[in-house]
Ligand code: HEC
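Form predicted alone, single chain, as structure tokens, below.
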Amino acid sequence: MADTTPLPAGSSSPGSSHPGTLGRLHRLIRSNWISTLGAAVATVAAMGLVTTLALEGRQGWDSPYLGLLTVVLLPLVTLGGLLLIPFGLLLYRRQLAARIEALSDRPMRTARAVVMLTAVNFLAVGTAGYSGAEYLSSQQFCGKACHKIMWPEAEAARSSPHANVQCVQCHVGEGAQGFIHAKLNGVAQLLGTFRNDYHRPIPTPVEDLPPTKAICERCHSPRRYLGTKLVVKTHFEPNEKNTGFVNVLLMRRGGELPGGRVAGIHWHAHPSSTVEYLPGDVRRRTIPWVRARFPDGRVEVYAAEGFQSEPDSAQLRRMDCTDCHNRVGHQFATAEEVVDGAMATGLIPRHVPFIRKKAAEVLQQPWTREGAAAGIRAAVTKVLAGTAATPDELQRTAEALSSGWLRNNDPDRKLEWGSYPTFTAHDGCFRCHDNKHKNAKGEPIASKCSTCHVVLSERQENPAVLETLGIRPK
């Protein structure tokens, strides 16, 4: 008696020339070499992705190239393979029926496996797409995998106050337009990398940086009153005793007061004030002409000595956060700052005569990146010879100086001490507040030190104010 049990939906009886859904899908993929190749490529890439993630997990992303493989290359290859399947069917559409008919007598035992693997492919691409977007926004990708020539800036960012801020949050504008602009600019940078003719050092300021309203002001309101900030800086004299001294300042950061009046340093960037200036050079190290619009409507124009002409409005720049905080995300130290910091934390022994002066001289020798560590150690050994320094002190001193040099120098990229000055200190202020910028009446821009800070202690080795504040000097 014949078996009359109905077949499950989507299936067919053995030997039937009318296969079910899975069989038809399998024959479609096998109907031409392009679709077959696409299915094979997608399957292999997806399985490679799954295997890599299973073996390495997210820890493998510490390697920039492995991260690039797992969240960019393999998903793209998988997606490309999947797109080849419909492309092959479209290309051979006129021969499709005959090709499928020719496959009717061939076994289809792998149909279920093909469908399962295809489902895995789509799941893998979807999962990796989210992970890829996250990885492509990270410092690991920007500073090492993609912009490898930017590694000094990436290292500087890791030790900056914005270490947890992703590169793209400041360097890529909002929305699709900002993304496209950044990628087009990146193409030019990529070509420069391949040709090995990129700028050395990396030029600053970044001309196409998104406006501060789109980056800085997302976290820092220009209307907020910031008050005063205590700053304590320890320095050492380059003399025999390495005399230490401490400067203690109260910085008048200011902002908008409850009554609406604006005071302090951040007056320059407040929305009610407009400060426009003419850059004297491409790096904005000099400013020969300034126009200030005050909240009460008053306008003052100040020009440096010898500057007579009225600049074109197209040449002017409105002062914003980055005109003073120009190295807020990628700050490089000077040789003296490296030595002072190491001495303040006890890495360099103060009891060695002239160690402050000699350590700075060691740092400013023309080392190479390959020979810096060994060369600095040999120089430190020579400096400490005949002194009371212990082997442990020699080791700490050599490590502190070599790491400081490597962190701030790269001869291949022409990165050296002083390549990137910061304008948050006197070098920035004195571009305008130097008593040489005067208005039509001959009055200079206000340059009283107390406008920006109150000096609580200056060049004192053990200032009493630190005891009052509960801070012990180093």
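Residue numbers here begin at 1 and follow the sequence given. Model, not experiment: these values are computed from the prediction.
Keep in mind that the form predicted together with heme C (HEC) is missing from the display, and what follows is about it.
Only one of R94, H199, K233, H351 lies close to heme C (HEC) in the predicted complex, with a heavy atom inside 4.5 Å, and it is K233. None of E399, D320, E336, E237 but one reaches within 4.5 angstroms of heme C (HEC) in the predicted complex through a heavy atom, and that residue is D320.
Within 4.5 Å of any heavy atom of heme C (HEC) in the predicted complex lies no heavy atom of H26. At a distance threshold of 4.5 angstroms between non-hydrogen atoms, W417 is out of contact with heme C (HEC) in the predicted complex. Although the partner is absent from this view, H220 contacts heme C (HEC) in the predicted complex, with a non-hydrogen atom inside 4.5 angstroms. Among residues of the shown chain, F307 is not one whose heavy atoms approach heme C (HEC) to within 4.5 Å in the predicted complex. Note that among 385-393, 73-81, 351-359, 161-169, the stretch whose heavy atoms approach heme C (HEC) to within 4.5 Å in the predicted complex is 161-169. Applying a 4.5 Å heavy atom cutoff to heme C (HEC) in the predicted complex picks out Y302, M319, D320, C321, T322, C324, H325, N326, R327 from 299-327, in order along the sequence.
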